[in-house]
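Heads up, the chain shows up twice below as structure tokens, two forms, tagged structure 1 and structure 2.
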Structure 1
Amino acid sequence: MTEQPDTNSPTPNSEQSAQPTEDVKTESKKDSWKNRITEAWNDTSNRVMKLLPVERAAQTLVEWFSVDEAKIAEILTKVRAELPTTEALLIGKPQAGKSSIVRALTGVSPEIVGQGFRPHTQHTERYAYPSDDLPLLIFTDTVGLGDVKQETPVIIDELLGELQQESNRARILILTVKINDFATDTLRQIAEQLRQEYPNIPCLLAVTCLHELYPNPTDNHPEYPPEYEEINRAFTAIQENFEKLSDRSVLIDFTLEEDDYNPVFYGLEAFRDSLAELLPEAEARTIYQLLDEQASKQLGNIYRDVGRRYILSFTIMAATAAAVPLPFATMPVLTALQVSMVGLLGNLYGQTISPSQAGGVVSVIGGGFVAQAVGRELIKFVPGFGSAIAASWAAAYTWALGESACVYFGDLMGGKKPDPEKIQGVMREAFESAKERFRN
């Protein structure tokens, strides 16, 4: 008869095994948690698959890629109403740095900014970023302010008319004044009238063109903020002049690449923080996301550089939409966002395409990810767990789709036939990279 070991008897390693380390306990808890999640997922997915076979789900996804333009327009209208959009009224003289502020916040080139502004009223122009259909930022610029003094009342009336329109968007006034400009009576007159009528709309005073007061010889920006006596004296005088009209004031100097000042957007972080302090939480968070340094690295290629900024905007929207916990409810919205993004990228590369054609491009580029899309939606059945993963996946997928679309349209622009294998390779690589970036 074999003697059964005494489980209560000490063994050579009993003291060590009887006192597990905190790390082992922690790891055990993690394994237990993972096992519970795995069991819940397997049980849920098995039940769901009986109700919704993969073939049917995949077919549904393919149908979504077959774009109904009227349906896309309807979805975009709903999405647009819920976007954390900020309307910024840029009020300042010509050459006071208004378009540079647009460049700094959007990352697009001076040429694109110039083309993006459209006549809005007799004395204003408007630029919606990333697009008119789905704007995260809307800039309204005063044209020719200070050139003809007798037109000031007309400009005031136009701006007041703009603000009188009902809107659920966040609004902010941005006054731009050059550091060495003290002829600001017209600007003060406009600001006084607007603040009197709309005291609840915040106002940021941006004092620009700092390098014009740098002492000689100075060939680059100093550490921020600049500690030059002449700049400090001028800044103090401007602040006092607008003391009762602005809620915050900030020093910035946004130049061009060819000006050889580094950084190009000097004071951008201070400007961003000042802007965020005056905006609601959702809109402030969007500003920070749009200025994400990793996503907006200079690529040396104007089209890809601008394209990535557009892609980032739609990635933010896609992640927000995908966080909705109801399985498959967000897929039409995501498809509409991605179709809109691809259409915008096509226009950037000189390819004017309809929503239906953009949907075809999405289907071709993203077809290999259909199964993952089904899985991403099914995982929402795990309470409190799936939505975060779905949002991360949607962000990564949208980013990768945008990167691949840039390659696709870039080939067409260069007179080449797009290579499906190369594009799918770009898609996979961009997706894996983006998964890490958007994991949280």
Structure 2
Amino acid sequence: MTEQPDTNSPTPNSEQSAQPTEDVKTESKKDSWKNRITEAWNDTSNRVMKLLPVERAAQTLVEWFSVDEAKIAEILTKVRAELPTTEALLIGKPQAGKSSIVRALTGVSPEIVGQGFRPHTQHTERYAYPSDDLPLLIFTDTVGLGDVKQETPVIIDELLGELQQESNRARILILTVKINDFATDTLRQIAEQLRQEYPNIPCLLAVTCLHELYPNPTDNHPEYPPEYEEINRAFTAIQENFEKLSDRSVLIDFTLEEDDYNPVFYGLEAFRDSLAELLPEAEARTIYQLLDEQASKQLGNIYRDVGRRYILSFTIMAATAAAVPLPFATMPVLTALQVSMVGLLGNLYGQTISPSQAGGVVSVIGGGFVAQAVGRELIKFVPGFGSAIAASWAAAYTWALGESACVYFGDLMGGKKPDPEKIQGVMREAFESAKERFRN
């Protein structure tokens, strides 16, 4: 007869085994549950992941809301490839250093440079840079403006004639002014006229002959840029003088070898960098101008398609908010929604736009609809029916606002000044067709 273990008295083994077994059991039971839940969870999420890979879903979502850069680049590269070489048009008074700039960058013979006292260039000449067979840039050296022998109006016409020719060439204007020359009214007037007619042509202000203001003109050049007070004062004054006319300004001193200055082309790097900065801008502006109907349509559509995905989400949110049967309560929400939609669309078209600016765009585009907005809220007093009307109205308005914003930002991106009348026309039209679409 085996003796029954006395459960109370903790005999080491038996108790442990007894006692421990319970805990162990419950513990292991709990663990097994946990494991089973975790397993089940992992299993489910794996299956879900297999069904709907979140990353890929997230990726798709991002792609859905962003323009396909590759497509854009493809269109732009094609258009760019057809772009003729960019032209840099030099203008300035006689002996200001126009031909010296051409020489410095293209390496042509010094013959084109004058002796410094009488006008030298007699007619417009073109020089390819860096070489004829690889013309990245064409320098057009012109006759000095205000040269007594040459009728300035004739020269201006010639310049305008130049600019009118072959309009599909990107251009940069290089305005040359000597550091100590303040008799530049004529030049400024001419530059103003050119920029009025061709606002899209960026302008580089090149200020030359710096050593004429060195404490001692025979001194060699200091480290670039020269930190002489005299020069900085004169440079600032000239920059202010041509402020509205130039996009960048640079100090240079391009001499002839026999003048014994070192370097001969002082400030050449800075000049090149300024050009390099302006070129893409010039080309970008021209590329957009050049975008033939088809290409700009293609580009516009790519942006528009993505834009519409934003607009759709906001339209749904607006309709939901507007359906709330509390007259006027949702107006601030709707306005906030529409302002952030316009802000996002602005970003999509590469514009950095603050909420207040987005608000400004909303009022420019939708200004004419405020009265109707109030009407929309009033109708909510009609139980049930009112909210439905208000919702479809809000949806149509938000959609139309989005469409018009795309046109607005599209113009900006193309370097064009959006025309409010045209945009409001788009708004009215889009609103009418959207109202049809959202009429339930």
Ligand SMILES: Nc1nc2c(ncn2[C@@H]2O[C@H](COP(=O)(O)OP(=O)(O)OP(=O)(O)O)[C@@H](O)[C@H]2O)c(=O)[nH]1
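This is a predicted model, so every value here is computed, not measured. For residue numbers, the reference is structure 1: its sequence is counted from 1. We call the rigid core the largest set of C-alpha positions that still match within 1.5 Å between the two forms.
Note: the form predicted on its own is the first of the two, structure 1. After superposition on the rigid core, displacement of the C-alpha of Pro226 between structure 1 and structure 2 stays below 2 Å. Relative to the superposed rigid core, Ser356 undergoes a CA displacement of at least 2 Å between structure 1 and structure 2. Put the two forms on the same core and the Cα of Leu344 is off by 2 Å or more between structure 1 and structure 2. Core superposition gives Cys406 a CA displacement of 57.3 Å between structure 1 and structure 2.
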